[in-house]
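First, one chain by itself: the form predicted alone, in structure tokens.
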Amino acid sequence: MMILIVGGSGCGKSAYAEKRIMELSLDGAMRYYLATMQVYGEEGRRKVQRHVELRKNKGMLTIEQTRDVSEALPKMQEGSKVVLLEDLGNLVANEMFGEDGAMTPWEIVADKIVMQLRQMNSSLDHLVIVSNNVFEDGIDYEEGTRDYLRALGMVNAELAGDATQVVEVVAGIPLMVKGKE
């Protein structure tokens, strides 16, 4: 089962996703946290530390996978697995904007990520994906940022179509958009 959880910054989507992972692994499945954030600067380190504290004592094995997300599968043990991918916005940015300044076309990035996450989902018991809602500010961005938003929007839409459940978290309140809890 795939669950897509979306919401704005600081809305509580990570805490909700971790709660769902705990519920989905009550049968003893291995819990994995698939971290996609490339850490830059003090703010990035603080954000990572906050998430580490949230996961403390929850028995999640962390796999750092900032690109090529399906390459995390061979790093997992055999048997029942539930995976929390945090987060899709970082993964899209990492795949799109290379360290050398090169930019991969948004359509290629979106197709690659959707294909890899579909592959992962078919190999897991449960995949919980956290994504960002960054589409409602009405600001006119430069072309590179617009392409990033196109890629993230396409990935969100494709995965929402595949997902058993889609949940939007608003002010800490999960709202079921698709499926039943």
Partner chain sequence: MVLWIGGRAQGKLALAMQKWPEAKILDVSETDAKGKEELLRSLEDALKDERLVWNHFHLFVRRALLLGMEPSEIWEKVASFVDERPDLVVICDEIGNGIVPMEPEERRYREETGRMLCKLAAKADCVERIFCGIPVRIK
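Numbering follows the first chain given and starts at 1. These numbers come from a predicted model, not from an experiment.
Unshown form predicted in complex with the partner chain; subsequent notes refer to it.
In the model of the complex, at least one heavy atom of residue 150 sits within 4.5 Å of a heavy atom of the partner chain. Contact annotation for residue 18: none of its heavy atoms lies within 4.5 Å of the partner chain in the model of the complex.
Contact annotation: residue 6 falls within 4.5 Å of the partner chain in the model of the complex, judged by heavy atom distances. Put simply, residue 26 is far from the partner chain in the model of the complex: not one heavy atom of it is within 4.5 Å. Partner contact region in the model of the complex: 138-146, out of 111-119, 35-43, 138-146, 59-67, criterion any non-hydrogen atom within 4.5 Å of the partner chain. Residues are counted as partner-facing when one of their heavy atoms sits within 4.5 Å of the partner chain in the model of the complex; in 143-181 these are 146, 149, 150, 153, 154, 156, 157, 160, 166, 168, 177, 178, in sequence order.
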